[in-house]
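Only one chain is included here, represented as structure tokens and corresponding to the form predicted on its own.
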Amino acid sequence: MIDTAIRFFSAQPPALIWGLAGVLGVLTLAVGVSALLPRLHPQKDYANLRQRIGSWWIMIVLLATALLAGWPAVTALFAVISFIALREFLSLAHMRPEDRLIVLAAYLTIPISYGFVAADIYGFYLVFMPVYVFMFLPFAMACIGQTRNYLPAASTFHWGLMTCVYNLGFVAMLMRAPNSEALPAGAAGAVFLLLAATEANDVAQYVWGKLTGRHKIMPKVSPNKTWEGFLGGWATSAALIWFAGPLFTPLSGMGLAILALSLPVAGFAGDVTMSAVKRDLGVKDTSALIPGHGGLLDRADSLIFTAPLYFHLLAYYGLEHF
């Protein structure tokens, strides 16, 4: 069994293994820090920090296992993530009672959309949600005959499907890049960099904001975010992408520079956009699913914006398959 494990890990791209090992090392360090802090500052409560770190361990193990297992596991995992995210969103949006059948139809788009990923039919995936579902669901709502709040309800359905299903699905679609592509660490390595850079941007913005934050950037939407946090996180994650990008993606030069400069901005945009949605709905978290973090949408809000941008930049500058 040990020999089988050794052969399995030996067959993986070295950059991917080292990247995952680095993430686990950072989490291990975080556990040590969370154990030390109560001794240094016994008057403070660090229970939430320990919850957050414990949840990070579970999330990282799930993602790492899926990446190492290949595209079927990543596709299945993100189909589940899309289902949970859409359920959180529709639960908060308070859909009309007469739209129960439309809600069911919305959930049915998940297996269809990820079915296109599994079948590696990029052309159908690309247009299914933004074109055909966009036309079908409002028509189905009209067939019910209820016009009360018709336009807001139709818009809510489409916005939820585009964010929770379509945009997140680009992570799984990227895993369908064949071995013939010039991906230094394979498709799994490219997905790893997307996830690592997105979450590193979130963490770096939080840390820089706590250490140096003085000037509010969007006080009416997200009062805790500052210009110092945004710029510090942007610089940190841009540097990570610039230096790690050649190890995980086929990008270099202009393509890599555009990715490094734009991905942190996209992550910030996803974060504040979901903050605006929650503020409009009068909630702090989308659910209590993930201890210390809130809901799945609270954790995936940045990825909703970074995943399609990352995918299309790689497709434009470095991938022939898409």
Partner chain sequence: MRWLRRLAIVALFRPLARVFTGADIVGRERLPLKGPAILVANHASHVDTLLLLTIYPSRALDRVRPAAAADYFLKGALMSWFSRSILNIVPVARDRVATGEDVLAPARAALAAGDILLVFPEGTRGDGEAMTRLKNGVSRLAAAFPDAPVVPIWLQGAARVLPKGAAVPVPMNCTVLVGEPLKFGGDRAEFMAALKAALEALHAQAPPQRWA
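Positions refer to the first chain, counted from 1. Being a predicted model, the structure only gives us computed values, none of them experimental.
The same protein also has a form predicted in complex with the partner chain, omitted here; what follows describes it.
Though the partner is left out of this view, L289 does reach within 4.5 Å of the partner chain in the model of the complex, counting heavy atoms only.
When the partner chain is considered in the model of the complex, R148 lines it closely, a heavy atom lying within 4.5 Å. When contacts are judged by a 4.5 Å heavy atom cut-off, K220 does not count as touching the partner chain in the model of the complex. At a distance threshold of 4.5 angstroms between non-hydrogen atoms, I112 is out of contact with the partner chain in the model of the complex. With the partner omitted from this view, the residue of F116, W208, F83, W71 that lies near the partner chain in the model of the complex is F83 [heavy atom within 4.5 Å].
The partner is absent here, but in the model of the complex a heavy atom of M95, alone among A200, M95, A244, M141, sits within 4.5 Å of the partner chain. From the list 178-186, 229-237, 97-105, 116-124, the contact stretch for the partner chain in the model of the complex under a 4.5 Å heavy atom rule is 97-105.
Taking the partner chain as positioned in the model of the complex, the residues of 69-92 that bring a heavy atom within 4.5 Å of it are, in sequence order, F83, R87, E88, L90, S91, L92.
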